[in-house]
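Following this are structure 1 and structure 2, which are two forms of one protein chain, each written alone as structure tokens.
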Structure 1
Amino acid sequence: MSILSMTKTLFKNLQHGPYTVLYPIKKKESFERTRGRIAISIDDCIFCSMCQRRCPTGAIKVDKANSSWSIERLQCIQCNYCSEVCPKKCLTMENQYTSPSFGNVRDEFIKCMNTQSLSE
């Protein structure tokens, strides 16, 4: 028969104070490996569409004609598959999350083609 078996734990907690973080003011630090969001260094991209074909949710769209790469942020499941298959390794996983939003967010990146026309 035992009652008040939580007392010890409760007094410990009283001494320690809150274990949680006051979120908007203080943020929890993310780890190095945290899968936050996909970033692209668009200048290295060769628009091979490998990421678009392999993406399990179809969040990525690659347009070779306009040399643009875009991602639907809320459709992306942060699985890191695209950055694994990328032949130029220009896709990377950042450890910061995308900020919350109300609607769909499509981030588009367009490659500046000036340098290429010079070399031609």
Structure 2
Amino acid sequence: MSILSMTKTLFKNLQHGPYTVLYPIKKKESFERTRGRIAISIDDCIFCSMCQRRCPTGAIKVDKANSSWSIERLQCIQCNYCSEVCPKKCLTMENQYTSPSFGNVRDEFIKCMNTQSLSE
């Protein structure tokens, strides 16, 4: 009896097709309030490191001396605490996800300073 019910289930699944979406090829629609990933406007950042202190997983690193900001994308849990505490509101939550990868994804942003040299 179990072979007949298993065969019935097998044919039913073959007729229906996949229940899931082939993620990298077909992207699922995102909703308005989807939390995807943190984005930064590096030109507005003052490198106060409040986002680094507020991050519960330690995914954000701020280096004020080198004017750099970095995030480990796979450590980030999309809690949005960093963008809530940012005094300049340069951190925002985007509506897209980090692309799948095999290793750690570390995005680093460095603020370019325009320096003028004085020559006499």
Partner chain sequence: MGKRTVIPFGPQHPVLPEPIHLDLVLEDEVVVEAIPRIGYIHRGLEKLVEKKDYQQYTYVAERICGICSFMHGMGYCMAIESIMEVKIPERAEFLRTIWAELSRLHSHLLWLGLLADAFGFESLFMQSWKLREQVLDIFEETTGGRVIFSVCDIGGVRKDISADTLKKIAGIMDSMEKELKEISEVFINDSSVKSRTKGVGVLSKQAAFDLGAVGPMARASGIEMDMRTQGYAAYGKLNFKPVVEKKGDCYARTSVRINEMFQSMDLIKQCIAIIPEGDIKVKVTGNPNGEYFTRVEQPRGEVVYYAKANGSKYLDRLRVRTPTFANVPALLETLKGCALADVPILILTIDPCISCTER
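Just so it is clear, the model here is predicted, and its values are computed rather than measured. The term rigid core refers to the maximal set of C-alpha atoms that superpose within 1.5 Å between the two forms. Residue positions are counted from 1 along structure 1's sequence.
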Between the two chains shown, which is the form predicted on its own?
-> 2
So with the core overlaid, does the Cα of N104 end up 2 Å or more away between the two structures?
-> no
Taking the rigid core as the frame, does K26 move its C-alpha by 2 Å or more between the two structures?
-> yes
Hey, core superposed, how many Å does T9 shift at the CA between the two structures?
-> 14.8
